[in-house]
Ligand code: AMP
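The data below hold one chain only, encoded as structure tokens and taken in the form predicted alone.
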Amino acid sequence: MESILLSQAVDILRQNCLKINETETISVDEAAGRVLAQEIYAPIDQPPFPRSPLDGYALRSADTEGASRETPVSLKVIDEVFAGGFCLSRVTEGCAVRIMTGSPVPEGADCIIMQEDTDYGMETVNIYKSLRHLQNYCFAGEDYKKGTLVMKPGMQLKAAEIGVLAGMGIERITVYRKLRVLVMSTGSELVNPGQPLGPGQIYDSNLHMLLAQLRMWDIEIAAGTLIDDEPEQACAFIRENADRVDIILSTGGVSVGKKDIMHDVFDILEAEKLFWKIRLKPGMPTLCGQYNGKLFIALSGNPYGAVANLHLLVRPVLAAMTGRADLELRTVTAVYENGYPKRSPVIRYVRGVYENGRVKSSGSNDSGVLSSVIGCNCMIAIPAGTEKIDPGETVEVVLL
């Protein structure tokens, strides 16, 4: 099986993934980040009544004609209304109502004067400014009218959308369910944190790194575990859990060594291989396919290789499956401060720190080193065929 470009790999996986169509109804307060699965029509006008946008006095614009600080107009204050209250008095010629921001505008008033343009009078008020008809006046339905289509299915719900839903009085909405993933890390040398290390063993980082990133993306973890270098053990774990997940992820066992078991796992499961090896560094030996209609993506066991391809390869697929725009990769161009001195036969992604249009490499670029990813907020793309990149050159950056 020939190696392919990263763009080809992403396209193949997107074409073979299944979009989440199942829905659930949840509280609006639980819906941040979720994808809407219904049309939202406004059940009320917003605001539901004409209201004041400021603290001042509700009055008739005709009564302010010619008013100024030199020639103030005096009006009788007949009532006072606060937000949450309602004024029963009607504003007639020569009268005004003291009003606070958000309060319903009394009948008969057609404008609001801010209190700074008055003498703050309580029984009578001096008006120092002439107002136009409907000046400082918020109409009922100014934000949206009852029956208006406000949101469509497929929209990701962020803070503004949640605020609008709450402002409509909507308590529960229908969203697409979360994507469920199965994760395993392979290697007989791996031990979970908290366990004693035996000879030749190391603590596993990949499983916990993958689980943490998926949780940060609000992806549901159906199951996650360490697997020895035993193909049948991996197959048993996958068979046991595959029916309740949407995608299978693994790390390790994808190269050509005697203990690289994932090729055997694919064969035993009779999983369809879509591709093996991507022309990029790190993470070149990634193996991808399908098992029982579910994507099966086996990432490199090298820690940075797993990190890189989780973002470069898996993340765009998760975006396609969930419809979540926040999971799509974002790229910018930046000035490379320290440059990259090595030749890159294939595209290489270097860990980096991006700020204000400039980027610099961060620590070791060895694919087995994870600690130099701490503090990184991007990956710097070194194009295929590049002999070197000098400091000050412009590069493309993938933001993390």
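Note that the coordinates shown come from a computational prediction; the quantities given were computed from them, not determined experimentally. We number the residues from 1 along the sequence you see.
Another form, the form predicted in complex with the named molecule, is not on view; read the next lines as being about it.
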Notebook entry, point to check: Even though the named molecule is not shown here, does Leu329 get within 4.5 Å of it in the predicted complex, heavy atoms only?
Noted result: no
Check: Quick one: is Ile202 in contact with the named molecule in the predicted complex, heavy atoms, 4.5 Å cut-off?
Finding: yes
Checklist line | in the predicted complex, Asp79 touching the named molecule (heavy atom, 4.5 Å) | finding: no
Check: Should Asp260 be classed as touching the named molecule in the predicted complex when contacts are defined as heavy atoms within 4.5 Å?
Finding: yes
Check: Quick one: which of 70-78, 154-162, 245-253, 102-110 gets within 4.5 Å of the named molecule in the predicted complex, going by heavy atoms?
Finding: 245-253
Next item on the list: Scan Asn302, Thr118, Thr322, Asn309 and let me know which has any heavy atom within 4.5 Å of the named molecule in the predicted complex.
Entry: Asn302
Checklist line | Partner-contacting position among Ile268, Leu190, Met284, Ala223 - heavy atom within 4.5 Å of the named molecule in the predicted complex | finding: Leu190
Next item on the list: Scan 307-340 and note down the residues that get a heavy atom within 4.5 Å of the named molecule in the predicted complex; none is a fine answer too.
Entry: none
